[in-house]
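In the block that follows, a single chain appears as structure tokens, in the form predicted on its own.
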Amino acid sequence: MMQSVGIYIHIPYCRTICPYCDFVRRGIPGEVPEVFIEALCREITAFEGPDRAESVFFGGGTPSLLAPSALRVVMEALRQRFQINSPEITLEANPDDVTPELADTWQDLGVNRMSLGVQSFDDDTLRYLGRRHDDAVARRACEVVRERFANWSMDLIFGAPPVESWVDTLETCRRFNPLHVSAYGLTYEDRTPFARRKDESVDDETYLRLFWQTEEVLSEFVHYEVSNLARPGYACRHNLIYWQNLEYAGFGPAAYSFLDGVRSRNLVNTDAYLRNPGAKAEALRLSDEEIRVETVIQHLRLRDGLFLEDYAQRFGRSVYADFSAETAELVERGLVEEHVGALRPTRRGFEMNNEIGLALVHPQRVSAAKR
């Protein structure tokens, strides 16, 4: 069978910088610079690796800042370099960038899945998060997207004040009926303006209450991954590649790739990337043991967990032969259970998913899940 990969395209530009975001990004007043599009296409064209793409995901940054002509050029470069059959092609968009005309153009260029960064339908929460849009703009964007895309996702953030608005945001989300919802707890990262506001973060009890309210309100959805819910059959195919520890190729500044047992990252600084697109800031060949560890950790973020037969077919040995003591500990702690031929996280394992990773990583092992 021809080897295939997931493709991630990082667009590192934003109109404004959200104070909680620690992704690689740069503020610009207009469209994505042409010099970046040229560098990105050079990297895609020069890629040495598999020829078949299973998915394409435009993330950022703000991919919706791409001019239609620029997106067309990038899509042409991808199609010339990769065989893309029946793919999932996702574009992240900010609500204030969405217009009917632009949404039609995205669809015409091959985008068949939208990921809309709503975050909240509460104006006070949106102001706290430093978002450019308000509730009215978010609702208009949802209307435009749902009229044009059969498959679309909504990104939401919980834990920002006023926390009481979370249920109303979920109820509004439910009425718009996206096929996929990503719900992330607000974090106060060290390298962001929000680092100075860590004392404003919610306590653990409140965090868990908000976390489970997501599942309660969106009860028609399958809570298939710790932070993701979907209608049956609409889990994000691209992100499942990460969670199943399969191969992916990243293009753009700071983008990660995992190919032929090597995890690498592109140059992080955008100016350095423009001078040398595709050059690596780091590259690490993982041992078979490290790949097995990461495979188990990633699968245990999924509600379905890790099927024992799949692990045995992939690695030629039982997961219990590799992780007997670790799995026994996780079962004893009530974080993991064996169910219908699979190891899967319990409800408590969803709540404390980081604890599963820590239990599986011995001091002598080096795992990307801990870096």
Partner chain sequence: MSAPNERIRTFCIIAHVDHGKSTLADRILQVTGAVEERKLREQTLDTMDIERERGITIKAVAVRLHYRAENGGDYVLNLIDTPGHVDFSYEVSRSLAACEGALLLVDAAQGVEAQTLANAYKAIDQDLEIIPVINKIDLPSADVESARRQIHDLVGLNAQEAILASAKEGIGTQTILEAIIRRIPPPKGDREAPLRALIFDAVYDSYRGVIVYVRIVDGRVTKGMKVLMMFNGLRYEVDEVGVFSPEITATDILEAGEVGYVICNIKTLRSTKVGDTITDALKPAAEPLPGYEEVQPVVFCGMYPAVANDYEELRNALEKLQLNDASFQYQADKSDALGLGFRLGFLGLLHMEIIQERLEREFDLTLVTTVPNVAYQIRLKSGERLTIENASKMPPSNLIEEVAEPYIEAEIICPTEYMSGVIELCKKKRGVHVRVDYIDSKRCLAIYQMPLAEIVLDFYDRLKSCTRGYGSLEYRLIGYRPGELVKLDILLNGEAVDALSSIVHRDRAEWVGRTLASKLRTLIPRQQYEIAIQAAIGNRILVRETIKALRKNVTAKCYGGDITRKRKLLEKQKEGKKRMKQIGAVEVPQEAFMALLRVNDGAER
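The structure displayed is predicted, hence computed values, not measured ones. Numbering follows the first chain given and starts at 1.
The discussion below concerns the form predicted in complex with the partner chain, not included here.
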property: Segment that reaches the partner chain in the model of the complex - one of 171 to 179, 108 to 116, 288 to 296, 272 to 280, heavy atoms within 4.5 Å; result: 288 to 296
property: The partner chain contact at Pro19 in the model of the complex, heavy atom, 4.5 Å; result: no
property: Partner contact for Arg314 in the model of the complex: the partner chain, 4.5 angstroms, heavy atom; result: no
property: Interface membership of Asn228, the partner chain in the model of the complex, 4.5 Å heavy atom rule; result: yes
property: Contact flag, Asn245 vs the partner chain in the model of the complex, heavy atom cut 4.5 Å; result: yes
property: Single option in Val268, Leu284, Leu259, Leu129 placed near the partner chain in the model of the complex, where near means a heavy atom within 4.5 Å; result: Leu284
property: Contact residue in the model of the complex, from Glu338, Glu309, Asp51, Glu332 (heavy atom within 4.5 Å of the partner chain); result: Glu332
property: Residues Phe23, Met352 and Val361 all lining the partner chain in the model of the complex, heavy atom within 4.5 Å; result: yes
property: Residues of stretch 173 to 193 in contact with the partner chain in the model of the complex (4.5 Å, non-hydrogen atom); result: Tyr184, Gly185, Thr187
